[in-house]
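Below you will find one chain, with nothing else, as structure tokens; this is the form predicted on its own, and questions on how it binds or moves follow later.
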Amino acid sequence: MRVSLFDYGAGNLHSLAKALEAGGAGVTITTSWDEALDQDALVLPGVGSFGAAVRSLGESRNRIRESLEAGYPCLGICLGMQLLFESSEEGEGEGIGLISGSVRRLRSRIVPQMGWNDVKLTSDPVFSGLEGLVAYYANSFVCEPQDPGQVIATTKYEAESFAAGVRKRRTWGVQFHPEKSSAPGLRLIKNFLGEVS
């Protein structure tokens, strides 16, 4: 299976590429949307800022959204999940807009959330075998989908609950970093690859 890992030009994608390879995928790191959408699946990583990531969409934004609407498989991680939404308080510009809603800053006392936290899961197959999941977070912003039915996981940080996972068609987003979440995170990536292969 060939997976494209899109590079916003903002950081090291090595650990995520290794996690995808461990799940059985061949990985192409690319800055070209033509190349990205020509693979079997797309992964949007959690490295960078919303504004910079939106700029990387360029004139391909509508094409990306239409591909995902048509069922092209995608996994968005942290910032990659936020990019699936329409807008963010973090930066100007429009996200992909696959999921109606917006991204806002955490209202907790200590921001960012850094470290391990429990994840409350639904029965989505991407979470198969992951009951009692504890995952690694590094986020200052959270997603608020207009349709609560698209939320497939939640997390509570301090007094605030928020979406830890979303799904629409064959696109999944997780607010945590599976590539930094030890064996359970690798299992989630393998589950994703299994669902879309």
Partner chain sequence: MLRPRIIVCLDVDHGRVVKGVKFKGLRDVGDPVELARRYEAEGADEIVFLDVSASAEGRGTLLATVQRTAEVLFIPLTVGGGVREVTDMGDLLRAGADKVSMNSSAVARPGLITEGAELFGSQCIVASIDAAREGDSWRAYTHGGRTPTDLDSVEWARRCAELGAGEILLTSMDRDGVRTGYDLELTHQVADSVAVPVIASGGAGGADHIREAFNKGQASAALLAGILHDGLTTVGAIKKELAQEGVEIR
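Just so it is clear, the structure is predicted and the values come from calculations on it, not from any experiment. Numbering follows the first chain given and starts at 1.
There is another form of this protein, the form predicted in complex with the partner chain, and it is not shown here; the text below is about that form.
K.L.:
Counting only non-hydrogen atoms, choose the one of 110 to 118, 94 to 102, 81 to 89, 68 to 76 that falls within 4.5 Å of the partner chain in the predicted bound form.
P.N.:
Heavy-atom contact with the partner occurs in 110 to 118.
K.L.:
Looking in the predicted bound form, is the partner chain within 4.5 Å of a heavy atom from each of 45, 170 and 195?
P.N.:
So, no: the whole triplet misses the partner chain.
K.L.:
Against the partner chain in the predicted bound form, would residue 9 count as a contact residue? Criterion: heavy atoms within 4.5 Å.
P.N.:
Yes, residue 9 lies within 4.5 Å of the partner chain in the predicted bound form.
K.L.:
Even though the partner isn't displayed, in the predicted bound form is residue 134 close enough to the partner chain, meaning a heavy atom within 4.5 Å?
P.N.:
Flag for residue 134 set to yes.
K.L.:
Please run the contact check for residue 138 against the partner chain in the predicted bound form: heavy atoms, 4.5 angstroms, yes or no?
P.N.:
Contact check for residue 138: yes, within 4.5 Å of the partner chain in the predicted bound form.
K.L.:
So, in the predicted bound form, is residue 33 in contact with the partner chain at a 4.5 angstroms heavy atom limit?
P.N.:
Close contact is absent here: in the predicted bound form, residue 33 is far from the partner chain, nothing within 4.5 Å, heavy atoms only.
K.L.:
Between 11 to 48 and the partner chain in the predicted bound form, list the residues on our side with a heavy atom within 4.5 Å.
P.N.:
The stretch touches the partner through 11, 12, 14, 15, 18, 19, 48.
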